[in-house]
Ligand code: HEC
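A lone chain, given as structure tokens: the form predicted on its own.
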């Protein structure tokens, strides 16, 4: 409903404020900032995904539109271009449920017709991630495993993700393992995903619970350290420890139960009643 109301407002403004192509560019820019900026730049620099400068001259317009709207179907169709992008960038583009009108607006904004400005004309290069301090790394370590809660109450990272680090308890397996994420995506890419998650599940999990800039910087610093020192850390094997703890716990409980049951009633209650009746006769 929000998008429809925006389009209605733009249509009314277009009667007096400018040509339809300008309105399409503005709408496409807004959609780009909402759904694309976490993974893509408007110049040639790669982030999580490729930079989009000149994308409409490199790719067929129909292919771009299909990939914007249903990247999951394109990736699952053994499309050679999509397969090559996934092999290079490793992270599959999520399906944001972009409509036909939104796709057209994005294509116009990226320079694919309708008067949109070519991507990259005013775009700046992604920021360089500065080295984190020791305090930031320790904060990121505690935030990752939940020793310190996020300011806005977002879920703990290791509820879904794992990272090999001696100082961090093992995490979940619902999402990607993050030990080498810094090498795979680079500092700007990691920061972009944490600061503005592009994945629908993360978006829902952190809805109205966005991380602060300090928390983003701390997590990026921790993941950078975990990546750089991965050879020094070993994955924790909880299997044998959990088994031993289970056996020990069972022995302790059985011992406690046996102490409690020492004073339990033995024999038949009805038998003692019967014996008393016999003596009284």
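What you are looking at is a predicted structure, and each value in this text was computed from that prediction instead of being measured. Here the rigid core means the biggest group of C-alpha atoms that line up within 1.5 Å when the two forms are laid on top of each other. Residue numbers count along the first chain shown, from 1.
Below: the form predicted in complex with ligand HEC, not depicted.
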Query raised in the report: Any of the heavy atoms of residue 59 lying within 4.5 Å of ligand HEC in the predicted bound form?
Result: yes
**Report entry** Contact test in the predicted bound form: residue 183 vs ligand HEC, heavy atoms, 4.5 Å
**Finding:** no
Requested in this report: Using the partner position in the predicted bound form, report whether residue 73 sits within 4.5 Å of ligand HEC, counting heavy atoms only.
Outcome: no
Query raised in the report: Looking at the partner-bound form in the predicted bound form, is residue 167 within 4.5 Å of ligand HEC by any heavy atom?
Result: no
Report task. Determine the residues of 33-61 with a heavy atom within 4.5 Å of ligand HEC in the predicted bound form and present them in sequence order; the list may be empty. Result -> 35, 36, 39, 40, 48, 49, 50, 52, 55, 58, 59
Query raised in the report: Do you see a C-alpha shift of 2 Å or more at residue 210 between this form and the one not shown, with the core held fixed?
Result: no
Report task. Could you check whether the CA atom of residue 154 moves 2 Å or more between this form and the one not shown, using the rigid core for the fit? Result -> no
Query raised in the report: Aligning on the rigid core, do we see the C-alpha of residue 74 shift 2 angstroms or more between this form and the one not shown?
Result: yes
